[in-house]
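Given as structure tokens, the chain that follows is alone and in the form predicted on its own.
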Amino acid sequence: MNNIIEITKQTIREAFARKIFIMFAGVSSLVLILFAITFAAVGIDDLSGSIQVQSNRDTGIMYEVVGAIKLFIVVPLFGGGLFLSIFSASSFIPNMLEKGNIDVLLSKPISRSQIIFGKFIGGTGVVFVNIAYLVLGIWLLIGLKFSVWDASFLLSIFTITFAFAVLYSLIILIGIISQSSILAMMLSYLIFFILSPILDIRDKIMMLSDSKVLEIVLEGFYYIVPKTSELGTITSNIAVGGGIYDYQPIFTSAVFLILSLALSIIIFSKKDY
């Protein structure tokens, strides 16, 4: 356990050495400051005015305003936060496997599975802290301004971090196989921005085609590829108090994560460096 903690600390230090993670925290701080200034300068009636005109309702306006603010934060955070996190984490494994670095690491009394677990926990932990910092800050500002303390918003911290962890497990696997940060990053982006969104609307695609082969291919990929698009929808739903209505994307993505880490350990254990 101590070895895993040591690798985790080393990964966290490496993460902070990469300025993107620090920039992430800086952007989060700027967002919190801007919201704090806005909330201090603008009254509740002013904030709810535009929504009241559109909805033409006298009840629930406060919760509509709060819900809009939450979505305004969570939706860009899910996309932009994961984009930056993938970019930053893609080099962890290739850097570790460079000649000299891996020689020193393997000379220590530490198993290769402990190295993988330490890298995974360290990278995921840094992202968790960054996400939690922004979401907790917004939650506190909303609570102080509107007296709405909906704890379900805080669950988005875990869903966003989980989505990253799933993709990070793939980054680790590809990094060990290819030792290429570019390939690991591009495959993660391919899933995140293209494959997962396409598979999420596979039913609509099949309505436009009678091809049985296409249906089998789409269904097959659907249960293999991490469901980041649906995890994004789940994140938006729980952020506004909607809850989780379908756990299947979470379950199958978790299976992908476990299998990717297991395969990473097996391949890493058999390689000579």
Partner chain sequence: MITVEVSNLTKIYESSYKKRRITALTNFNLSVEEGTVFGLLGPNGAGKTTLVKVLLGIVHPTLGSAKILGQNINNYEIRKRVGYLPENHKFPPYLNGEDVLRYVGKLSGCTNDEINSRIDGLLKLVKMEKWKKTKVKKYSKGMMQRLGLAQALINNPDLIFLDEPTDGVDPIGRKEIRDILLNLKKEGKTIFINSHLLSEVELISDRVAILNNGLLIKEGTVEDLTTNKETYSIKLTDDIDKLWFEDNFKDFHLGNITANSFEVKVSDEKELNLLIDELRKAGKNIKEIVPVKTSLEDMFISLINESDKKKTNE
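It should be emphasised that the depicted structure is a prediction, and the values quoted were computed from it without experimental measurement. Residue numbers count along the first chain shown, from 1.
Another form, the form predicted in complex with the partner chain, is not on view; read the next lines as being about it.
Can you tell me if Ser147 lies within 4.5 angstroms of the partner chain in the model of the complex, counting non-hydrogen atoms only?
Ser147: no contact with the partner chain in the model of the complex.
Does the partner chain get within 4.5 angstroms of any non-hydrogen atom of Ser111 in the model of the complex?
Output for Ser111 is yes: heavy atoms within 4.5 Å of the partner chain.
Can you tell me whether Ala151 touches the partner chain? I mean in the model of the complex, with a 4.5 angstroms heavy atom cut-off.
No, Ala151 stays farther than 4.5 Å from the partner chain in the model of the complex.
Can you tell me if Ser178 lies within 4.5 angstroms of the partner chain in the model of the complex, counting non-hydrogen atoms only?
Heavy-atom contact with the partner chain at 4.5 Å: absent for Ser178.
Name the stretch, out of 159-167, 197-205, 124-132, 95-103, where some heavy atom lies within 4.5 Å of the partner chain in the model of the complex.
Stretch with heavy atoms near the partner: 95-103.
For the heavy atom contacts within 4.5 Å of the partner chain in the model of the complex, list the residues of 238-273 involved, in sequence order.
Heavy-atom contacts within 4.5 Å come from Ser269, Lys270, Lys271, Asp272, Tyr273.
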